[in-house]
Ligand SMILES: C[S@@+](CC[C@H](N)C(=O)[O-])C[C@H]1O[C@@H](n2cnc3c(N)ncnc32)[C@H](O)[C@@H]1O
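A lone chain, given as structure tokens: the form predicted alone.
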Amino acid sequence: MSTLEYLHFLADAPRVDAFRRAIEAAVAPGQLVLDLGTGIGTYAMFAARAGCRVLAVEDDPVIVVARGLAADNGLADRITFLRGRSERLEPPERSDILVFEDFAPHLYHPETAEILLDVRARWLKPGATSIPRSIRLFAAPVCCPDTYRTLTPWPDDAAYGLEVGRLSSEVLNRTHAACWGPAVLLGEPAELARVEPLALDPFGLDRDLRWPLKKSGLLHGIGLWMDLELADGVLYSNAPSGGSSGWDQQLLPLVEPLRVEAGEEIVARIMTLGPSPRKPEWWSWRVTARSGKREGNTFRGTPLSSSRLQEARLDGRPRLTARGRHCRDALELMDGCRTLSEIARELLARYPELGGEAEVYKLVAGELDAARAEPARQPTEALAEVRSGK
């Protein structure tokens, strides 16, 4: 993400202040807090200010800004910043409390459960707690013409005399972020799922929901949002309120809107699909009203060539990308004998397409940052992982 995006997240006062109050209510001085996906370090600094020691983990280069902000606020001695993905890092010690807000707005991101399961196994003490403590996912039928119009700017699928129905179909078989007020709701919200971040079994969902409609209109899809219980008495919701934030609502759109009437009942089946319950890759939704049925599936909205489908097979034979070859050679050249300038010159000689010394140094710096984030791993060990396909 860009620094400007982090600034916008910081400016989302209701969410940031709710997490601040939850941290201050849940932690005790001397505890060790794991701030996973620390970003610019806001929550890490809240915990440090409350008297805790903090492990702040972030894969994004913005961690450099976070370190500087911690120093500017006199908290650098209480926060240990670790650059990299948590699954690839070795925790220096186990933590008492996890702070983690890096949920996709619709919660079921394919990596979320795997990350949290690894964190629970390797980073946290037995009996550790989390902020948030629980997450409730809500759904409701919505009439949102402005949002839908952005997805279907050519309702007849003819743009400038060109047939674009294939593009429209892919767009309408995806989830989309939206910012609504409560007026979009055609029926009362229904709880779709409840998840505790440290008890993720199972993680997928398959639910049938029914809504008696409270008003008539065009049904454009099903809206989703989250209610979070952060700590005792501290709640946060991104329900439709008319205010925008980093966490807006999500729309499961209908390929064609349905005309619905107040008093009728809408039925929907919403599922996540994937290779395992803990790794939901796709969403599927089926909506039935008096005026018809509509189905959506994010698998249809994901452009997949036959070669990409072949790569996804367990018996497939993956091949390194150009980027992978660059990283592999950079690791090979870090043999403890060559200088950084020699490594850069050699890489540029092998791969002129890298475009110049600036790009080469950026590549080498990225591998060095990864090595610093994982002190127990040497470049030769990382190279062995690349060769073995890990």
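Sequential numbering from 1, following the sequence displayed. Since this is a predicted model, take the numbers as computed values, not measurements.
There is another form of this protein, the form predicted in complex with the named molecule, and it is not shown here; the text below is about that form.
- When the named molecule is considered in the model of the complex, only one residue from 133, 85, 214, 125 comes within 4.5 Å through any heavy atom, namely 85.
- Site annotation in the model of the complex: the residue of 346, 329, 59, 357 reaching within 4.5 Å of the named molecule with a heavy atom is 59.
- Contact with the named molecule, judged by heavy atoms within 4.5 Å in the model of the complex, is confined among 321 to 329, 30 to 38, 47 to 55, 349 to 357 to 30 to 38.
- For the chain shown alone, residue 102 is a contact residue for the named molecule in the model of the complex, at least one non-hydrogen atom being within 4.5 angstroms.
- Interface residue remark: residue 258 is not counted as part of the site for the named molecule in the model of the complex, having no heavy atom within 4.5 Å.
- Of the heavy atoms in residue 115, some are within 4.5 Å of the named molecule in the model of the complex.
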